[in-house]
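In structure tokens, the next block holds one chain alone, the form predicted on its own.
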């Protein structure tokens, strides 16, 4: 039978407990290694915006002004009702809260948030574009997004934005009499495109790509916003005690420790944008049956053959500046149903989740990763996490600080 502790021993334990409590309050429950991990995830660690050598006007304020106008221009659509801003709402982190975005028709995936997208190496969920400007023009020719053609885009700019366009890019071509034409359109539009001579096609492509470059200049101004977690980390790194909304609760701190540890979240959601910009198969269900969306595996050929990629004739980069395209992985097995993890900044405020809104709520997302269902095709990277109910609640609490 254990003997009762002497009064002095009890007092000593109380002192130790008080000291540990003080240490916890000063360090907010984080070890130095955990605090360093937190620092790498905070907005203060975001590096300067990288240059885009493929776009000569990427950081030109006049181009950004034109790009903002084009971003909000519903005239660049078949029904006169769809703009980039239709699916990328400023009030909703530049996304639209829908499982499948709605343009002139219904798309096959949801809109990604645009803040900080200029840091991305690949664009779209599958990375089928290698620059923001090339990404921006893709939806304009999509039959279910803007439903326009590249010749119509060029003609609209000539009619409504001639002066700012010419100030940036020089004279506009004569587009009189050219019908709706695109190599990606319907049969009539493709036939109209084939009937144009090479010089006409090139002139239209030049205006079309320049429109994208102006939109990129605007989108490069859409930087990530500070959140509670950033303020917490800033105070801790400064040696201060976080106060106000920067003071994370013990549950939120425990959630961060799970995020950076047992939950394995930083395997894909790392760096100050909380995404590794790579592609991962996480065993997510397909909204199509049979499966028609193969993720990055299908996008590799698309980005390589894209005339608007970094190595294409409308890029302002030299070939040696296109390393990410020249040396990208082409492992189709690795990339089967692999998608890019989006930034987790603001994640709690933009359900549903995954590339086609397959999961309705954030607790269900956590359960998906905890359970680690097998992939429907390809190979899932997930392993069962074994999180308890309390651990899942803590992880959710931390995600809400973002």
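None of these values were measured; they are calculated from a predicted model. Residue numbers count along the first chain shown, from 1.
Keep in mind that the form predicted in complex with ligand HEC is missing from the display, and what follows is about it.
Among 257, 210, 189, 101, the residue placing a heavy atom within 4.5 Å of ligand HEC in the predicted bound form is 101. Exactly one listed residue, out of 165, 124, 156, 314, brings a non-hydrogen atom to within 4.5 Å of ligand HEC in the predicted bound form: 124.
Using a 4.5 Å heavy atom cutoff, 110, 215 and 395 all lie near ligand HEC in the predicted bound form. Only one segment in the set 29-37, 55-63, 42-50, 347-355 has any non-hydrogen atom within 4.5 angstroms of ligand HEC in the predicted bound form, and it is 347-355.
When ligand HEC is considered in the predicted bound form, residue 135 lines it closely, a heavy atom lying within 4.5 Å. Ligand HEC is not drawn, but in the predicted bound form it has a heavy atom within 4.5 Å of residue 267. Among heavy atoms of residue 71, some come within 4.5 Å of ligand HEC in the predicted bound form. Residue contact with ligand HEC in the predicted bound form: residue 219 places a heavy atom within 4.5 Å of it. Residues of 143-159 that come within 4.5 Å of ligand HEC in the predicted bound form, judged by any heavy atom, are 144, 145, 146 in sequence order.
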